[in-house]
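Listed next as structure tokens is one chain, alone, in the form predicted alone.
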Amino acid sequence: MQKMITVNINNQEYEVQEDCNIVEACDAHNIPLQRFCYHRYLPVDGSCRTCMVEIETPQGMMVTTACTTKVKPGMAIYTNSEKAVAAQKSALEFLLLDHPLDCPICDKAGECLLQDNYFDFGRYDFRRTVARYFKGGKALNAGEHIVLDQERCILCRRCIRFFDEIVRTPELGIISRGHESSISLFPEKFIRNPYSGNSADICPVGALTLKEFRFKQRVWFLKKTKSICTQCARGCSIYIEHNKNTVWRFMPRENPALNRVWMCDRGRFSFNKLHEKRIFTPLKHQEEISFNQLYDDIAELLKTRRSGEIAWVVGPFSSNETYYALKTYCGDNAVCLMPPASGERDDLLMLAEEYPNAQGATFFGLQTETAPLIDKIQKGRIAALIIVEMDLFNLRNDSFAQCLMENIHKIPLKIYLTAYRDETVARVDYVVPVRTYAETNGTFINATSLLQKACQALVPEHPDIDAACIALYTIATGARKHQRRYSDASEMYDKLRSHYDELRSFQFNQIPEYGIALNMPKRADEPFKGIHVDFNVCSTAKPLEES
């Protein structure tokens, strides 16, 4: 429990956390205070000078930077005094002195701190009498994902500190002196680290922008939906930012116990996969059929099979609700296949397991041993195989997938639940289209046993496309549409939570912003192993987007 102290801000007393800086103390109580160089997850720099406040000291009143000054019991702080406001405006005026008027064509417009702070704290009279200095350096290629506009840079050094202190790959620096100073790459070098996209997030102006988002959408048109990244077992908290049912970018969402405010490029630029190779119409032997015919055919075919002859195979890509449906409605012949970890990993965020929910399969007690099922398939004792959200025929080095390829002719009925047209689609009898994780509500458990929710961002193209968990329930129980117990995956979560003490207190809409830490063994180390990054965060801090 952090110790709280009392300070006086603008003649009003507030309780704040001991040893936090003045910026965080103001943010905790929604007291406006501008800043550029300060970032709570980076070392304090104090270079922009825009967060100036006036404080009482034993030597009298003093103007100082709020980011470099720690609060003390009884401290008197003034953010709106005459001297503080004059210092703030002077610093802002210097930053805008040579800044180009790029707002109409700048991708940062709408989320630019320079715009926001000028309208909130600036609005001074124009006093320039000398010609503007042009830094040049427009739209420079800075790397695979980054475009650099040197003349927009305000020299806050956020990007430099991020590469130096977090990623530990120094790739940017400041060259020249005085008003000629500019951000620059090293000669004949480019930004190549796997976290480069974060530099565009933390840039307070439009100096660093993403090639994948540049000139695609105006940010004020985008809607934000809270979700998670599904590209590895870390499950970073993100926003899915979308407009007109199309995802335009993934952005990291602040979670102090998980990814802080960072995400890797592998996850950030995976958003296009949501729209690629989609399948929206049911298939019977590669011919399109209706959803009614699909479920009627499957119900009739499964009636003639004994439960022990029906196998259900899922991977670690599905939601907890899908695992619950398998465990509850599909019998004991359900197996979760765990592909070998083959991705890139590091000590920051990335894990080699390129799937988001292996822990969920463990939590719900799904069988992971495939040898008994392999034996049944080889002996011809499996009459129906239902594959759930896993491209089995794309797994080249997996023993179960290899067995399936060699013995596929021994299985009379093969059904595949998928959102994408992949290699497995061509090898099965029936294809059941299901929603992507962005088209439904659901929960996932990451490698460090943190349960998080992913909220629905998009609407599926066909109204009869269900989430995988509901499609499984329909197939396993033979329910018709008007007979279904669930209409949304969140309803299945609200059903399953009553069976688990750790979840019982949380309905889907009440799952905490930062997730639920479950009491189960972890599959991976905590993120940022051996790297100290929490320089400024206090326990009373509000999320950055609310500050």
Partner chain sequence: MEFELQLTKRFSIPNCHTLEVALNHGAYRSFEKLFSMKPEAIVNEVIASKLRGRGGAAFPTGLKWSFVPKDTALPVYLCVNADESEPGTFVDRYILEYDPHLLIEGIVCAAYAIKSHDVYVYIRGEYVRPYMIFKKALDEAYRSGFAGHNIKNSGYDVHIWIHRGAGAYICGEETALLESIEGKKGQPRIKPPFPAVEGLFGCPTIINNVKTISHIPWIIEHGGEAFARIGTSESTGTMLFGISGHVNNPGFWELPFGMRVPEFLEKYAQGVKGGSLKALFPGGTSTAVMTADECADLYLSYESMRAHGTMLGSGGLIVMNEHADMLHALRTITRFYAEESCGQCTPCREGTFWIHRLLEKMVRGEGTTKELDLLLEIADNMEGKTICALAAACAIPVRSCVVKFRQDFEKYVKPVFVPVAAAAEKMLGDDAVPF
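Small disclaimer: the values here were computed from a predicted structure and weren't measured. Positions refer to the first chain, counted from 1.
Although not depicted, the form predicted together with the partner chain is the subject of the following passage.
For the marked spot (Val63, Thr68 and Val130), a heavy atom within 4.5 Å of the partner chain in the predicted complex is present in each of the three residues. With the partner left out here, the partner chain still marks one of 267-275, 325-333, 155-163, 414-422 in the predicted complex; by a 4.5 Å heavy atom cut-off that stretch is 155-163.
The partner is absent here; in the predicted complex, the one residue of Asp494, Glu54, Asp488, Asp45 having a heavy atom within 4.5 Å of the partner chain is Asp45. Residue-level contacts in the predicted complex: of Arg177, Arg306, His409, Lys244, one residue has a heavy atom within 4.5 Å of the partner chain, and it is Arg177. For Arg396, no non-hydrogen atom is located within 4.5 Å of the partner chain in the predicted complex, even though that partner is not displayed. Residue contact check for Phe134: one or more of its heavy atoms lie within 4.5 Å of the partner chain in the predicted complex. When contacts are judged by a 4.5 Å heavy atom cut-off, Leu283 does not count as touching the partner chain in the predicted complex.
Put simply, Ala76 is far from the partner chain in the predicted complex: not one heavy atom of it is within 4.5 Å. Contact annotation for 95-123: residues with any non-hydrogen atom within 4.5 angstroms of the partner chain in the predicted complex are Leu95, Leu97, Asp98, Arg123, listed in sequence order.
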